[in-house]
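Let's start with one chain on its own, the form predicted on its own, as structure tokens.
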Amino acid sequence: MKWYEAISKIDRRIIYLFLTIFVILPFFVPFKLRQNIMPQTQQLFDFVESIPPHDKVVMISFDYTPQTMPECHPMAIALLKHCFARNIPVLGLSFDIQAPGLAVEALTTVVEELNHKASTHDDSLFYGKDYVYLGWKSGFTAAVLDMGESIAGVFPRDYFGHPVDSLPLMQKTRNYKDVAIAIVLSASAYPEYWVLYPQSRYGVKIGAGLTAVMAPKYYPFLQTGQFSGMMSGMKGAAEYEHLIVEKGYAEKLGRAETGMNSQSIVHLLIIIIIILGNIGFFFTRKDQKQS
């Protein structure tokens, strides 16, 4: 059998085996690929970077679900690392009933990692002082509007049952006047309604972290300035990870970068297989014509 006949008749099981290996490989052999930072990711990073330490809070609305966790969870972790590294307090909440467990996991993961590296008491993060998670609330429209008057009025107790007024961070975070930006991590229409209600009435700055399939819908919000930045899909999360590592806020890249590396090398493998298949096809057809 000639070489071009051989490459055009590769057993599909061999192809699947190579695809499996290339999907798994980046999780065991970490490596970096160059990231081209999209403008909307850079815009969100720059906005958070411009917030003075120990000033207003960054409000993060955790509204993603287990189905969209691979894209949105790395966004949450990268964003939390950025805020905590710059001593910016974080106020978390959720309007999707499936989100609280994921929000607590993200907060716990980042806080434990940073506290493990802390050398002094002042370097450590404390619940109630540096971050608060309010939990889930039904009645989205009424809730986001009422928070413009009083956050404690909408969330009298946090996720863990503490009276909100008893927490030091909440004693200086009364309403949207004390919020630098609200960043919505979601795979649904929540960011649109944050613009429609809190921003239009109270002028709240809005950022977003969206799944790749949802992101194109929201580019007009960036162009009109209604969004102050946006992360788009796993690539957006990987870009944000790259930015915080580049700035020195984190030591290594996270899950999104690993996932993007896996996707990239699998796409490269598929392109190579297609090229080889076409080479085999054209040489085989040439032989058939000559004979």
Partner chain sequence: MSHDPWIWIGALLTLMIFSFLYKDNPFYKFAEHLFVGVANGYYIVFYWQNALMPNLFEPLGAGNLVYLVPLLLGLMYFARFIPKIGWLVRIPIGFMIGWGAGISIPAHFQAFVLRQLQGTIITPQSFSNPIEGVWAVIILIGVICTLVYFYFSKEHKGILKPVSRLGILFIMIGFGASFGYTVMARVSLLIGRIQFLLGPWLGLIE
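Everything numeric in this text was worked out from a predicted model, so none of it was measured. Numbering follows the first chain given and starts at 1.
As for the form predicted together with its partner chain, it is not shown, yet the points below apply to it.
In the predicted complex, its partner chain lies within 4.5 Å of some heavy atom of residue 274. Remark: residue 98 counts among the residues lining its partner chain in the predicted complex, judged by a heavy atom distance of 4.5 Å or less. The closest non-hydrogen atom of residue 282 lies beyond 4.5 Å of its partner chain in the predicted complex.
For residue 85, no non-hydrogen atom is located within 4.5 Å of its partner chain in the predicted complex, even though that partner is not displayed.
Comment: 220-228 is the region of 220-228, 242-250, 43-51, 56-64 lying near its partner chain in the predicted complex, near meaning a non-hydrogen atom within 4.5 Å. Contact residues in stretch 186-205 (any heavy atom within 4.5 Å of its partner chain, taken in the predicted complex) are 192, 195, 196, 197, 200. A shift of at least 3 angstroms brings the Cα atoms of residue 271 and residue 215 nearer to each other in the predicted complex than in the displayed structure. Relative to the shown form, the Cα atoms of residue 106 and residue 30 move apart by 3 Å or more in the predicted complex.
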